[in-house]
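Listed next as structure tokens is one chain, alone, in the form predicted alone.
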Amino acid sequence: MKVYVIGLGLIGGSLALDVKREFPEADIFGIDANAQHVEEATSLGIISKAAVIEDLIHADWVIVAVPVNYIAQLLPQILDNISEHTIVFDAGSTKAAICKAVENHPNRRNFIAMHPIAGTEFSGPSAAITGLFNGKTNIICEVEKTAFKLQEKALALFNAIGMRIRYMDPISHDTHIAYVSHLSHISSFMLGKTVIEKEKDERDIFDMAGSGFASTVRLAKSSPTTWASIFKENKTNVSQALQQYIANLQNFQQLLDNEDYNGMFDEMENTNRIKNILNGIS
């Protein structure tokens, strides 16, 4: 079992660790534009050795976990270099542009467009975690375009590492993920920015920051390289989500300025039902 991981950060590295846990006999090779990441992943035992794109002809599996704006550019080249039995899947958090990029490729049948809903605020090979995907949802798009036998093998792998599978079309995926993931990262980055700007005048604000602030701003520690590319690829949906979010913030500010505290209470009470939604998910 020869597995080639392209992109040796949190997601690629964690997938490699899970494959190694479930299939100890697997040979895992790494490809990354950052030579330091290759060295680090090797020293940490995430991969066995470095590889290049031309080596993919020997691959049973290819995992593509580079920043999402590069996936659509890289995928055709990857599919050009594989054998007929190779399974290629990506872990990008947008799907429409990626699916579009390979829709007419002769080896489209070898590709699975997926998005595992898992991660942390950390990046790089040292952030990789065994078991990161256990119990997490894995969105698969356009599964009907993947050869059935390859689908079966891929689903067996995903189940082995603990993923729950859900199917969705790429456009719906990108719309929903803008609200439940991309918007929360923007909120965290901008909350952190607001506090940093205020800190210029009040240095003790960080001494006063409690667990609520820490949990809300946690995502602002995420990689700007990763998230700038995500926002770029999902620009239209993210912009629409931001417009609605800003409108809600402005409405809340207006309630506060007008001393409409009953209105503020109602807004928060109505939103409290998010607890039931999230409890249902967990």
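Note that residue numbering follows the sequence shown and begins at 1. Treat the numbers as computed from the prediction; the structure is a model and nothing was measured.
We do not show the form predicted in complex with another copy of the chain, though everything after this point is about it.
- Note on the partner interface in the model of the complex: the residue among Ala33, Leu249, Leu44, Ile57 having a heavy atom within 4.5 angstroms of another copy of the chain is Leu249.
- If you check another copy of the chain in the model of the complex, you find a heavy atom from every one of Glu199, Trp227 and Ala241 within 4.5 Å.
- In short, of 153-161, 136-144, 103-111, 79-87 it is 136-144 that has heavy atoms within 4.5 Å of another copy of the chain in the model of the complex.
- Contact check for Tyr179: a non-hydrogen atom falls within 4.5 Å of another copy of the chain in the model of the complex.
- Proximity of Tyr70 to another copy of the chain in the model of the complex falls outside the 4.5 Å heavy atom cutoff.
- Another copy of the chain is not drawn, but in the model of the complex it has no heavy atom within 4.5 Å of Glu25.
- Remark: Pro125 does not count among the residues lining another copy of the chain in the model of the complex, judged by a heavy atom distance of 4.5 Å or less.
- Looking at 219-240, the residues that come within 4.5 Å of another copy of the chain in the model of the complex, counting any heavy atom, are Leu219, Ala220, Lys221, Ser222, Pro224, Thr225, Trp227, Ala228, Phe231, Lys232, Lys235, Val238, Ser239.
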